[in-house]
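Next up is one chain by itself, shown in structure tokens, the form predicted alone.
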């Protein structure tokens, strides 16, 4: 009887960890040619897949941690290989050996102890809610549970986003409640970093919380939360109806529930977040909303929709340092300015965070503003 080598056992473990179609890849290198790292410091995705097929024999370095899980490779792969799942599976195996980058260990440690990757205290989660008029979720009173992501509780820029959400929901007559500090991170980035066990704990905890409160419909701001609740929590037994804020606003405007009368005099272009666009194919709703705002002159960047350039914040990269000149967001600001925009709009707290940093680093604060679509709608309310 032939005995499997340790390398073959590793390859089998990678497949079992979520990369079921690992051996479907025939090494055409479309993934490498499609990867946004090619615009700055190329990442050889094809080689990573090949090494995985060989049980990671010969792998060294930290290339696996550069992937932003933007999904460009998968949608262009002629064989439909789930490359993001493959990357996650490899990271999970490497993580079990303790070889996770130090910056990511801090995010994981904070999530384990405080329920968020931002090193913030759990008791501060959703503390903004009362000030903005949100009450504890009651299934008999509220249409939605507002799951606002970790960032508004621990990031001052993201706090402005929930202020806009509160104004828009109030104007539309839509009732949404919140859960308290017992709510935890959705776990999307935690899973992509490779800590499957921690992700499972987060999903189980939030799932129980949803069940206890009778939550059926969840309204989210972050595409990362959207993706996780819609596509990953059902695997673990929690199924809820998930709506992204841009979808809700598009529907409310179409139904006449939002009266946008105040002109917003701005030339606006839109950046498609990876987890809203390529991962979940929500392209039209945010554009419909922007075109409904009086005064907005909307224009597209060359790279848009499924060809949009990643901001660089996914896959755990939010907590990793990227050298100046190698940041995808640094490329996006000039693209927006190049089409005459003075506002770069998006629909993801991660993207906003990345673009705000790049705007500062590139000394473009006086030339362009970074706005969430919801913030622009809030500006247009009479």
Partner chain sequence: MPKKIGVYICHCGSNIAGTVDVEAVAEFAKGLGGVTLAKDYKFMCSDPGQDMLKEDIRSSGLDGVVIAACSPLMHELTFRKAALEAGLNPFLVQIANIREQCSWVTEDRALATQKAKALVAGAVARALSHEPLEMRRVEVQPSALIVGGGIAGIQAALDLADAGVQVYMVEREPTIGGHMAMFDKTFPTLDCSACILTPKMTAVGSHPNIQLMAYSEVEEVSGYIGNFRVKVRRKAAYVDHDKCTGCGLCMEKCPYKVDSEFDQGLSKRRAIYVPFPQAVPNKPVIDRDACAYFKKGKCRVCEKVCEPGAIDFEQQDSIEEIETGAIIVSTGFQAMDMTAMPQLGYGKHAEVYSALEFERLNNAAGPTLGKIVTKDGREPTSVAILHCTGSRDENYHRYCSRVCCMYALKYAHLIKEKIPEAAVYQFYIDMRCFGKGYEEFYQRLQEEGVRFIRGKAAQVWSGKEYRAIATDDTGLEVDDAQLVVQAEDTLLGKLVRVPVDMIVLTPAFEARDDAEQVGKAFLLNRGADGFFLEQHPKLAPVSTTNDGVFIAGGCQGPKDIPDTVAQGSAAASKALSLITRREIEIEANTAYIDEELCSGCKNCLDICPYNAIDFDDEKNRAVLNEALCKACGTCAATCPSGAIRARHFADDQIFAEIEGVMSI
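No experiment lies behind these values; they were computed from the predicted model shown. Numbering follows the first chain given and starts at 1.
Missing here is the form predicted together with its partner chain; even so, the following discussion is about that form.
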Answer option from 94, 132, 307, 124, heavy atom within 4.5 Å of its partner chain in the predicted bound form: 307
291, 157, 76, 262 - the one with a heavy atom within 4.5 Å of its partner chain in the predicted bound form: 76
Partner contact for residue 302 in the predicted bound form: its partner chain, 4.5 angstroms, heavy atom: yes
Heavy atom of residue 66 within 4.5 Å of its partner chain in the predicted bound form: no
Partner proximity in the predicted bound form: residue 324 to its partner chain, non-hydrogen atom cutoff 4.5 Å: no
Residue contact check: residue 335 to its partner chain in the predicted bound form, 4.5 Å heavy atom: yes
Contact segment among 350-358, 49-57, 34-42, 314-322, judged by heavy atoms lying within 4.5 Å of its partner chain in the predicted bound form: 34-42
